[in-house]
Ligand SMILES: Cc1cc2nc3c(=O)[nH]c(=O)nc-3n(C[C@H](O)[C@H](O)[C@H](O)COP(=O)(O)OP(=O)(O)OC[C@H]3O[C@@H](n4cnc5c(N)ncnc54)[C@H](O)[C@@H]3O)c2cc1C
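Only one chain is included here, represented as structure tokens and corresponding to the form predicted on its own.
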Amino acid sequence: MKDCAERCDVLVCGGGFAGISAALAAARMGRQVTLLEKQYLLGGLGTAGLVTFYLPLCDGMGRQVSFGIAEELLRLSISMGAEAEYPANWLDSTDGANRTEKDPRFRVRYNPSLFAILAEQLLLKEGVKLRYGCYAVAVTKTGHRIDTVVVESISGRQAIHADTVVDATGDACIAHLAGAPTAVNSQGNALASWYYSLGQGSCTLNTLGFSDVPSEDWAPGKKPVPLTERRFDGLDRDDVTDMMVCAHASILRDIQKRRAGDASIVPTAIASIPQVRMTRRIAGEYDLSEEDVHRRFADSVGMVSDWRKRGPVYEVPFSSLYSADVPNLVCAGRCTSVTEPMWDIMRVIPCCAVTGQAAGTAAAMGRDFPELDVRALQAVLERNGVVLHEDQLPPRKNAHTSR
């Protein structure tokens, strides 16, 4: 292994929405930030995986609940136009006080290529060092603390020293390598084969498979039909290879079927990463659960909603982002500490951005997360536009009383 080639204050591992948010937050606090991404574009599942739905920032009852970088990235994603579901009633309307459960939610569909490039430019503008094509393969520790993260890239094997590390890998890879307690999803992942196609001058996102939770609000009258009964854990080389092969075969069958009616249809983009959503997470100091709906947490670092249905609001406790076993490691995105039922809520883009901003801010403020002054962390988050508690939101409007 080469000598330590790089040093930084904050090392963010993973360049999805959680990692982007964490790197932005830490860099804006004046820290030297390096962001590792094993692909060659940012956005994770939201770009390379073609899962281009920016799910709701609101509770579905007329109230926005996720703010700060979560909203900033939504606006960035459609700054050059939305692909679908432009949230005009949230971004263009001046009548926000009268939104109810009858209104469209604050969500959008964006273009993955544009977002990846815009996010890259934003990070570079903020002084973040990007390191593409880097796989974390090991860590070194002194006692319980991470000293370096060892990476493999075209430059060979190198070690990067950091004071604090953000695990935004989606698979809790750093937590696992560092010996932090982790948990694996027991249900596995349904097969997904999303792809873009072009036909008769129209570009279409085809969402084949991977809908586990029926939602009348999200897809009225539709029931998910699995592409295969097999489930994929996403943590084994052969398993993810089989998943990609099955996904490619599903796309080919779909194209052949659709060409029977329109010979002009061609695929224009397929996912370059496995479309897995829940694999491995940290087992932190607190497991956020569905039973915590509307619960006030003294250490809340932001709020999220349930993308599947209207009404629920969850405050996210800082204690769900770290384990005392590795005090200078904090997690963000879909590998934070949650129960299995809650995992499906917390894996989506707004939740990744909320936890990413909190993790990046914390990583910039201290080197021992169990001992971090949470009130000081909350004060910084609030100054940067985050609303921490549900009781700080306006009261819900009811469609029967507001119209």
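Since the structure is predicted, the reported quantities are computational estimates derived from the model, not experimental observations. Numbering starts at 1 and runs along the sequence shown.
What comes next is about the form predicted together with this ligand, which does not appear here.
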Open item on the list: Taking any heavy atom pair closer than or equal to 4.5 Å as contact, tell me whether V65 reaches this ligand in the predicted bound form.
Closed with: no
TODO: Report yes if any heavy atom of V348 sits within 4.5 Å of a heavy atom of this ligand in the predicted bound form; otherwise report no.
DONE: yes
- [ ] Look up in the predicted bound form whether G333 has a non-hydrogen atom within 4.5 angstroms of this ligand, and give yes or no.
- [x] yes
Open item on the list: Please determine whether A23 contacts this ligand in the predicted bound form, using a 4.5 Å cut-off between heavy atoms.
Closed with: no
Open item on the list: Contact check in the predicted bound form: G15, A18 and V276 versus this ligand, with a cutoff of 4.5 Å between any heavy atoms. Do all three pass?
Closed with: yes
Open item on the list: To test your reading of this chain, name the stretch in 250-258, 166-174, 231-239, 116-124 whose heavy atoms come within 4.5 Å of this ligand in the predicted bound form.
Closed with: 166-174
Open item on the list: Between Y86, F297, W194, Y286, only one gets a heavy atom within 4.5 angstroms of this ligand in the predicted bound form; which residue is that?
Closed with: W194
TODO: Identify which of M61, V51, A364, L57 has a heavy atom within 4.5 Å of this ligand in the predicted bound form; exactly one of them does.
DONE: V51
- [ ] May I ask you to list the residues of 21-41 that have any heavy atom within 4.5 angstroms of this ligand in the predicted bound form, in sequence order?
- [x] L36, E37, K38, Q39
